[in-house]
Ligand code: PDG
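As structure tokens, one chain now follows by itself in the form predicted alone.
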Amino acid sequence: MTASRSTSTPTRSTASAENPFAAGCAWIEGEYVPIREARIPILDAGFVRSDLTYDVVGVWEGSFFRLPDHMARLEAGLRRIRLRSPVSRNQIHEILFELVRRSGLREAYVETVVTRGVPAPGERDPRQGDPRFYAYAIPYVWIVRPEQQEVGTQAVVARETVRIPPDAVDPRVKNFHWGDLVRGLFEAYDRGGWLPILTDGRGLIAEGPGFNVFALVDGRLMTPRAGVLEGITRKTVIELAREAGLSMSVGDLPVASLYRATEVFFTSTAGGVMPVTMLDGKPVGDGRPGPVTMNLRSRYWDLHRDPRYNLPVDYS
């Protein structure tokens, strides 16, 4: 499949085997290291308690896509969990660009992580933490591979697992609390699907592992407002839908409405707009990626060439 050079997404580039950072580059405690050598302290609160937040931004054809939006979301997450970054936004920018430059990757998945750090011996007061910043760039990650996007993926609505409620863990803050999401993945596999859609336990769709959910129901495009990560790809698709004059609803998405949808798709930095053509073993619409989905998918990748949204990496 080709990228929005014509319509959709390109293939991933490969870095030189002579480059020690070709498989990825990490920034750990002030040093750039090959991804295979990256390590964090075993007592870091981010590891032992998931006391952290993070963000992931994509690099496509050598440019960061919507980096300021990702940084704004990271900073909002830090405020919500009362955590401060030990490095400034300008320093983060410098680190991220250097990670990509060293790796040589033209299509990359770039993650920043801020943790509460390693506590003093016996210390349990989170206010006494010593925050740590980590980052890495690796080859671009696909939740649904490009070739599979052409025919659509298979999903299930999880029955045994509900999404952690937002009054327990705020989903607007990217986190590693994936116990419910991993359990949902196993349920999907057990039922012959590939990806699970979790509900809030009260009949409303929430989200899936690493993606937001959209459905075209009675001519209206719908996506959940509450109990979900406010994804940057989700934001982009909402903007594109409204620009195209589509009827767009950000609010409740009942499970019953999802089952009536003529088109369903997922959105994520890791894969863009991903069509769903089978839901609980039954075809969505006519069982093929729908025209609204594919149009939004094409326009999403087209934006990766729009200078308003892209910051190029200087690989020299």
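So that there is no doubt, residue numbering starts at 1 and follows the sequence shown. The structure displayed is predicted, hence computed values, not measured ones.
There is another form of the same protein, the form predicted together with the ligand; it is not shown, and what comes next is about it.
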| item | value |
| --- | --- |
| Contact test in the model of the complex: Tyr54 vs the ligand, heavy atoms, 4.5 Å | yes |
| The ligand contact in the model of the complex: Arg234, any heavy atom under 4.5 Å | yes |
| Contact label in the model of the complex: Ile143 to the ligand, heavy atom within 4.5 Å | yes |
| The ligand contact at Lys174 in the model of the complex, heavy atom, 4.5 Å | yes |
| Interface segment, criterion being heavy atoms within 4.5 Å of the ligand in the model of the complex, picked from 184 to 192, 122 to 130, 207 to 215, 98 to 106 | 207 to 215 |
| Listed residue that, although the ligand is not shown, lies within 4.5 Å of it in the model of the complex (heavy atoms), from Ile35, Met278, Ala270, Ile28 | Ala270 |
| In the model of the complex, residues of 159 to 179 near the ligand [heavy atom within 4.5 Å] | Arg163, Lys174, Trp178 |
